[in-house]
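A single chain comes next, written as structure tokens; it is the form predicted on its own.
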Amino acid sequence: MSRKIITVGRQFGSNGRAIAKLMAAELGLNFYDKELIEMAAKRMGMEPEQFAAADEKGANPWLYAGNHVQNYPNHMLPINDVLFNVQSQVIRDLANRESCVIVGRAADYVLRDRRDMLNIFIYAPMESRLKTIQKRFDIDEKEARNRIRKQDKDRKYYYNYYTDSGWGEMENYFLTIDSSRFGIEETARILAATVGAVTF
């Protein structure tokens, strides 16, 4: 297989992370998600926990007032902006080094000028996502719906804040897929077979 970087966007409750991880294993590629926070923190000489609360959230000047990174060149930037900038460099370095699967963090936008990047978006109907989140967190439907709305809102705001594109808009992706139609394992196999067949 020629060099490929696969980026995966996902709706909360679509099982996008699990699918992306299985797809990476099927393709024999390294998988990066929360690991990107650790890599960015290490690069900054910080503890991952300092970045974790800002992960995939756009900066809010009111909410994050005073929450800055002192050892960053522009120490007045909110921690969200610092994380996005450092994480983006980590993503570029990974793409220059290896084929891999990267989940979230607007990686499709960060790598938009690369010809060896394929961007995927995984979604599912609300009914399916509600069942997934209820089971995952052992909560009722109302709480599950609230969590889905908040998480999707955060991800959309983050993506739209740092890019000039639209989160989840199908024309921005190489491939979009409804994970509820096939389940986690079959969706991963379909994506792995599709990605594996693409040549540049």
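So that there is no doubt, residue numbering starts at 1 and follows the sequence shown. Because the structure is a prediction, the values reported are computed rather than measured.
What comes next is about the form predicted together with another copy of the chain, which is not displayed.
Residue contact check for residue 44: none of its heavy atoms lie within 4.5 Å of another copy of the chain in the predicted bound form. Under a 4.5 angstroms non-hydrogen atom cutoff, another copy of the chain in the predicted bound form lacks residue 48 among its neighbouring residues. For residue 168, a non-hydrogen atom is located within 4.5 Å of another copy of the chain in the predicted bound form, even though that partner is not displayed.
Although the partner is absent here, residue 117 lies within 4.5 Å of another copy of the chain in the predicted bound form, judged by heavy atoms. At a distance of at most 4.5 angstroms from another copy of the chain in the predicted bound form, none of the three residues 18, 35 and 99 contributes a non-hydrogen atom.
Taking a 4.5 Å heavy atom cutoff to another copy of the chain in the predicted bound form, the contacting residues in 169-199 are 170, 171, 173, 174, 175, 176, 177, 178, 181, 182, 186, 189, 190, 193, 194, 197, 198, 199.
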